[in-house]
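Just one chain follows, in the form predicted alone, and it is written as structure tokens.
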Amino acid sequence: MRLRLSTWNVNSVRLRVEQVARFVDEQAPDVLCMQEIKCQEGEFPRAAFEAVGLPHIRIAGQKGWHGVAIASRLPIEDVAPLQVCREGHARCVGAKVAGVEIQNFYIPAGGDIPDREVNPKFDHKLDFFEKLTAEMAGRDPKAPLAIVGDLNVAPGEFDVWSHKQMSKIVSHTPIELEAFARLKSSLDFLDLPRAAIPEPEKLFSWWSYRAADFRKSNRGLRLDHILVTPGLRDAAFRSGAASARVHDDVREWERPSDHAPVSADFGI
């Protein structure tokens, strides 16, 4: 069977429930991982997800901020929660679907100053990566695992609109790129969107609201990711090549999130 896994920072699930329904109708994800749902579990619009065929839901929510959720067409099994956020924010939720463990993250943005000594938010971001990397390093790379979500790092030169100008800006600083690289190396993770759309092609998933025309300015960043272990490689390349994409057309919709969804297909 085809398993389509999508990730999307929706920037308020209640505000954008109609856009979510449209995306599900048009792209038919089997599993939709969301970040910044910005609601508590009891406030999550479950009925709307049931109506579009995603009745199996796991939520980590909190009042007004952060929050992550997984909605699935297929039954969900629980997995042990990961204790990687020192502040106790709702930034991680996990589940197992069709034998695949999925860990969905909203990693801290890190504030404005890329110095962990003077900026507690940046220190929190790096600490999150360090804890997650240590957790992954103890796992079996042959086990099918996907790390998805808004990881708030644009890891490559062609994942930012200007490598030179962004190299001193949080999300693309050398220390963040090193943290991301260490996470990838911990289980030899494969970056599926980049496997499908190799460098040097530019690839973005976020564009600032400040741009009147995001297409024209195209000052984007690739902050949203689907990383998979070697245990999922065969499933990801079942058709002979990776099938993954950024749905940048969604960023054109009315009242959009500043992030576009990202999807990958697996033969399970």
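Residue numbers run from 1 along the displayed sequence. What you see is a predicted model, and the numbers here were worked out from it, not measured in a lab.
Missing here is the form predicted in complex with the DNA; even so, the following discussion is about that form.
Only one of H56, K38, R219, R233 comes within 4.5 Å of the DNA in the model of the complex through a heavy atom, and that residue is K38. Only one of 187-195, 167-175, 125-133, 105-113 lies within 4.5 Å of the DNA in the model of the complex by heavy atoms, and it is 105-113. R255 belongs to the set of residues with a heavy atom inside 4.5 Å of the DNA in the model of the complex. The DNA is not drawn, but in the model of the complex it has a heavy atom within 4.5 Å of R210. Contact check for R73: no non-hydrogen atom falls within 4.5 Å of the DNA in the model of the complex. Shown alone here, K63 lies within 4.5 Å of the DNA in the model of the complex, counting heavy atoms only. Using a 4.5 Å cut-off on any heavy atom, the residues of 1-18 that reach the DNA in the model of the complex are, in sequence order, N11, S12, L15, R16.
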